[in-house]
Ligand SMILES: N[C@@H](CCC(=O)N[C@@H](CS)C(=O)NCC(=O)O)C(=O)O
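One chain follows as structure tokens, the form predicted on its own.
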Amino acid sequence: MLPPPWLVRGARSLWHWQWLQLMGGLGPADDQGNYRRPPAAFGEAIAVPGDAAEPGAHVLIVGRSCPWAHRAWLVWGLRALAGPIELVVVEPDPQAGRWRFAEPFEGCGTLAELYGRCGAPPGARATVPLLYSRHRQEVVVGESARLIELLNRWPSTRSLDLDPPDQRQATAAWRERLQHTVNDGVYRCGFARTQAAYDAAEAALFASLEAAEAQLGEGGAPWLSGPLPSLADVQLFPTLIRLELVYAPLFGVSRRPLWQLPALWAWRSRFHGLPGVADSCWPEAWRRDYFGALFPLHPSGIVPAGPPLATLVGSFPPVPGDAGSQPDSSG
């Protein structure tokens, strides 16, 4: 038997009010309902420290499900920085809404404790990625865009430059566009408070994806800013590798599946094939953490089935003229 209309209306009104309160805690928005990502703590750009080459002197702290941490993990892997920089993976605590260490780190059980010990401003969100100095017992940098630039300059045995001089202008332009319309764009869709806010974010997202498709299309370069992979590719990959697995079903960005953008599909497969990239991909953790932890967007907490990652990085759909060859990423 269906509940009476007055009960449905009342429950719907109450749930909408509660949803707005929960969304306010999940991510702030302006008065038009547009999601606004808070600035990261420890976001200043810095020079490469003098002890950068010393093994174990620095620690890169990441979370498997966080796309912002994923971009730092990618640069760490692509540039073979495991020698000078230790990798520590934190796990989410959905009940407390924070990151925690599997084992105590510098005497801290949670990332919030480490933030506080390192002088983060009161009320600052404890987020990943984070580069930590063991010698100075301080955070080096915690803003992902600045961090990947720093890691690209870090001393390495692999002479791979992800900001090639001849592509620098194009790389910077793509990074700026991707940051706002794609990387943050999927969140602007998922965390939108109004239909108008969602519509604007969704349109900007797919306009940028279609621009990338045109850039990579027939006769184009294999990478976003030119013949060599760059930080622009690093920024795009964490979003696109999660598209079908998380963002399309949870954030409502399913207007065009990626197979309808064949050049981007082929690009994603190429990038996944680069050294160190596959080791940074954890689809089970992505789906568990997004569907299980984002209660305002998915109250049941049920983690739905999704496509195997292998089906998303294969050669289908074929792209005319794309032989699937890999560049020499060793520089």
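All residue numbers are counted from 1 along the displayed sequence. Owing to the predicted nature of the structure, the values given are computational and were not obtained by experimental measurement.
Beyond the structure shown, there is the form predicted in complex with the named molecule, which is absent from this document and is the topic of what follows.
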Quick one: does S144 come within 4.5 Å of the named molecule in the model of the complex, counting heavy atoms only?
yes
Please run the contact check for L151 against the named molecule in the model of the complex: heavy atoms, 4.5 angstroms, yes or no?
no
With the partner left out here, check for me: in the model of the complex, does some heavy atom of A126 sit within 4.5 Å of the named molecule?
yes
Answer with yes or no whether W68 is in contact with the named molecule in the model of the complex, where contact means some heavy atom within 4.5 Å.
yes
Within 4.5 Å, heavy atoms only, one stretch in 101 to 109, 220 to 228, 118 to 126, 253 to 261 touches the named molecule in the model of the complex. Which?
118 to 126
V59, V277, A52, A40 - the one with a heavy atom within 4.5 Å of the named molecule in the model of the complex:
A40
